[in-house]
Each structure stands twice: as structure tokens, then as C-alpha cells.
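What follows is one chain in C-alpha cells, specifically the form predicted on its own.
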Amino acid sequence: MAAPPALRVVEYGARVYRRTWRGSVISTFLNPVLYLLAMGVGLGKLVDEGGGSADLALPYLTFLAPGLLAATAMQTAAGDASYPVMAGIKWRKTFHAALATPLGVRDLVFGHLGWVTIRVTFVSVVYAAIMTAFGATSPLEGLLAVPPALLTGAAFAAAVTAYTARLKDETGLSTLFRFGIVPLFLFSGTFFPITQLPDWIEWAAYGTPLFHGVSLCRGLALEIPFEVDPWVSVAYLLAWVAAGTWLALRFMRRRLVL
């Protein structure tokens, strides 16, 4: 039985990554260690000594680690769905080459998103192992936080792929990271509860996909109450995946075929 055509795109991503994985060692292995050391252990010690984590009823490192897991999934997905997609469309034109084969736009998009999902899964498992090694959570609870991190990554992968497919040049990508990804990283509950934000920003934070990913990861990893109903968060992230995938198919077809 022949494999689905989209798996050929996944295979292509895996073959390329086998040659280039050394370039992602720092972001995959070292960044989690440095973040947890600097923010969780270093800053966390000051927060705990100053009583800043009293409202959290747990050490700051423990509070921070699951949020960083979701944020890392977001950053990994956004990175793999932005410049590589622009390269495939404009610079290296590998997407054009793929469409010269029996592959279609649907195979290309699904295969690309499938490969990004595999990358996010690998990064999330590594991060879960590192935050377990830091004592932030147990191994089982750390693994329980991987699926919502994966869902968060899939939501951003689909949305950013659709966004990139519409761009004529890379200027929009730097704008995306400067005014989109970085503010989400800072103000979606990763480092502190969003209830500490001004009211108007707090309500905006509730609408971000990262907030829902952080809520799911933190609730499962720490066995604490979710900030919103977990099924609402799951449904919201799935809606982002579905809408982003539909838009990615539409914009990619318009860019590469029509």
C-alpha cells in the first residue's frame, strides 16, 4: 500500500534535518537549561525570598517551567513555519519543485505541518525531561504536559504558515516576531498570572492561543486548577489549527498555482 503523498514532504523534512540538526542543538537543549537557570532558579530565588510567589502557593521555578514549555512550543513552531516557508516559496523555491511532481498543494501543506508537529513534539519532550530534571514536576506529569504543548505548537504552525504564504518578502516575518511572538511570550501568562496585568490587557491575553496552551500545560504538569475550562482551551486551540490550515491551503494555492 502506497504511503500518503504528504508523508513524502515529511520525509524530505526529516532528511534535511538529519544534515542540519547540529544548528538546532542550542535552541533544543541549551535554551531550556539557560531559561530555567536564569529565570527559574536565579530570578525565582529572589521572587520566593521576597514573598512574590506566595500568591502562587508554589515555588516560582515550578510555576514557570510548564509555561516555558508551551512558549517553547510556540517559538519552535513559529520559527519552522516562517523563514523555511519563505525559503520554499521565494528563495530556494523547493515548494515549486515539489509541485512539479505528483504532489499537490494539499500534500505540501499537510506534509509541512506534519513535519513541524514532529519537530515540536521532539522539542517538547526534551523540555519536559529538562524541567523534570530541575525538580519542577514529576516525570509522568511532565509527559502529560507534552500533548497540550504540541497542540499549542500546531496552532501556531498553521497560523504562521498561512501568514507567511501571503508575504512578498521577509520584512513581514521580522514584524511578526517583534510585535507578535515576543509580546505573546511576555504577556500570556508564561512568567506571571495574567490577573496581574491591567484589565484591558488581561482580557486581550485571554484571547491569545499561548495563554490557553500555558493554562493546559500548567494545570496538567502541576495538578493545579486550570485558569479556564480545559475543554474550552482545547477547542480554542483546535479552532486555530483548523482555521490556520484552511487559510494556509488557500494562500499557498493562490501563491504557487493560480
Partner chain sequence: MTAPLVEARRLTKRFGDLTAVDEVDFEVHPGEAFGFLGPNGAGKSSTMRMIAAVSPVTSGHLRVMGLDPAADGPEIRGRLGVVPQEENLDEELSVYENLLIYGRYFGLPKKLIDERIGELLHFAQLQERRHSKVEPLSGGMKRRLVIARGLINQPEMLILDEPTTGLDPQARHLLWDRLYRLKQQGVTLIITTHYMDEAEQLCDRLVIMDKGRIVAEGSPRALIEQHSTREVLELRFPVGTQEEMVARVEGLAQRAEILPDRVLLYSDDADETAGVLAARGVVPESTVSRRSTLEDVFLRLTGRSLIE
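What you see is a predicted model, and the numbers here were worked out from it, not measured in a lab. Positions refer to the first chain, counted from 1.
Below: the form predicted together with its partner chain, not depicted.
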query: Its partner chain contact at residue 101 in the predicted bound form, heavy atom, 4.5 Å; finding: yes
query: Contact label in the predicted bound form: residue 182 to its partner chain, heavy atom within 4.5 Å; finding: no
query: Residue 22 within 4.5 Å of its partner chain in the predicted bound form, heavy atoms; finding: no
query: Non-hydrogen atom contact residue 12 with its partner chain in the predicted bound form at 4.5 angstroms; finding: yes
query: Non-hydrogen atom within 4.5 angstroms of its partner chain in the predicted bound form for each of 8, 16 and 257; finding: yes
query: Answer range among 122-130, 71-79, 151-159, 89-97 for contact with its partner chain, defined in the predicted bound form as heavy atoms within 4.5 Å; finding: 89-97
